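Next up is one chain by itself, shown in structure tokens, the form predicted alone.
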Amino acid sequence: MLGLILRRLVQMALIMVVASFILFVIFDTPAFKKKIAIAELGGFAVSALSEEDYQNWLEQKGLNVPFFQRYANWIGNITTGDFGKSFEKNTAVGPLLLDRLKNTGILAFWVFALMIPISLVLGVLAGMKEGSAQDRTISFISVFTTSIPEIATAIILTVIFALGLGWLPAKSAMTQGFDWRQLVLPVLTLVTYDFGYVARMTRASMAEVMTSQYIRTAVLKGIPYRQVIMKHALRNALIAPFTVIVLQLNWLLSGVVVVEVFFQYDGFGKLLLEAALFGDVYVVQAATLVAVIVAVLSQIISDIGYTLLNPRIRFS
């Protein structure tokens, strides 16, 4: 197991080096550098920036040195937490990004806290009796909710619970501090959209396990059905869903853009969209790098968890 973790960490380091290099190449083009110079020097058009001012700015920022030296300097700044300055927010990118990630983390925590037990229970119940009315009902609900786009789900829930019944606020800006009522609609939107996908994966895995020879043998031996499910079937059935659940971290980090913008929730997705629309280069660069890190980490966690759940891989 230790060898597996070390190999995955080495792979992660290599992936991050390649990803950071590609990202640096994209944002190191003359067009991007000129855009940053105009924003920092206060110009609003290319014509407002003279060539002399631009060259002085390059020298001041150390951007007129050789390419690999610029890349090494950029990596050094990142390791110290210096991601540059947001032109739109007029603040350092590091603290801004950390604050927005914290808000999205709160949202993600409640989404996973609700989505995981709901999807696993429904998936197991459906897979236990494949082809039954119970299975067909759960499968229909899962496919139906997943097929509705997040924006449509958000609108429907807002019309019902905010505008119709008046139980919940329509926006989740959190301007007056933390308010759990403002989290309900965005969390419910994400759970409604995503639980069906995980439930379907769990159902397929459970149905496959229930047809295995060792399950039939356990039933023929007279072992109580509940014990067969809990001690023999469930662990093997959770291998595939575990991988899917961990990989949902990637979806949640990038897929919350629609939900966060709709409910005006100040999270990572909303920050990324605002930066892209405004042309806030340093924010887009830092957010992209964070997204790559989360993707690689989730893959490592998925691989390690899969190995722990599957002895055939662990001892091979």
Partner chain sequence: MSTAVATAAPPRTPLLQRLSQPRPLILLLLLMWLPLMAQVMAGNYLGPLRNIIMLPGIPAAVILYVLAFRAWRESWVATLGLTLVFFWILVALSAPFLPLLDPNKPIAPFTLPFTEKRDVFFWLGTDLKGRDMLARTLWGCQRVLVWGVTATAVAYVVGTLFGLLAGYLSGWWDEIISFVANVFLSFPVMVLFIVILNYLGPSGFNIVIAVTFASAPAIMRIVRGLTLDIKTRDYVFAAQTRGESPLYIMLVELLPNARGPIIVDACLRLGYTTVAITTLTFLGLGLQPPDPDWGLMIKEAAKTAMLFKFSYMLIIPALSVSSLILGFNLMADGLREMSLRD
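Positions refer to the first chain, counted from 1. In this text, rigid core is short for the largest set of C-alphas that superpose within 1.5 Å between two forms. Just so we're clear, the structure is a prediction, and the values are computed from it rather than from any experiment.
Heads up, the form predicted in complex with the partner chain isn't pictured, but that's what we're talking about next.
Note that among 78 to 86, 94 to 102, 162 to 170, 233 to 241, the stretch whose heavy atoms approach the partner chain to within 4.5 Å in the predicted bound form is 162 to 170. The shortest heavy atom separation between residue 182 and the partner chain in the predicted bound form exceeds 4.5 Å. Taking the partner from the other structure, the partner chain in the predicted bound form has no heavy atom within 4.5 Å of any heavy atom of residue 36. Residue contact check for residue 73: none of its heavy atoms lie within 4.5 Å of the partner chain in the predicted bound form. Although the partner is absent here, residue 58 is not a contact residue: none of its heavy atoms lies within 4.5 angstroms of the partner chain in the predicted bound form.
Of the residues given (144, 225, 214, 109), 144 alone sits with a heavy atom within 4.5 Å of the partner chain in the predicted bound form. When the partner chain is considered in the predicted bound form, only one residue from 121, 155, 219, 113 comes within 4.5 Å through any heavy atom, namely 155.
With respect to the partner chain in the predicted bound form, the three residues 198, 207 and 210 uniformly fall beyond 4.5 angstroms at the level of their nearest heavy atom. In the predicted bound form, the partner chain lies within 4.5 angstroms of at least one heavy atom of each of the following residues of 7 to 21: 11, 14, 15, 18, 19, in sequence order. The Cα position of residue 26 differs by 2 Å or more between this form and the one not shown after fitting on the rigid core. Core-superposed comparison between this form and the one not shown: CA of residue 297 displaced by less than 2 Å.
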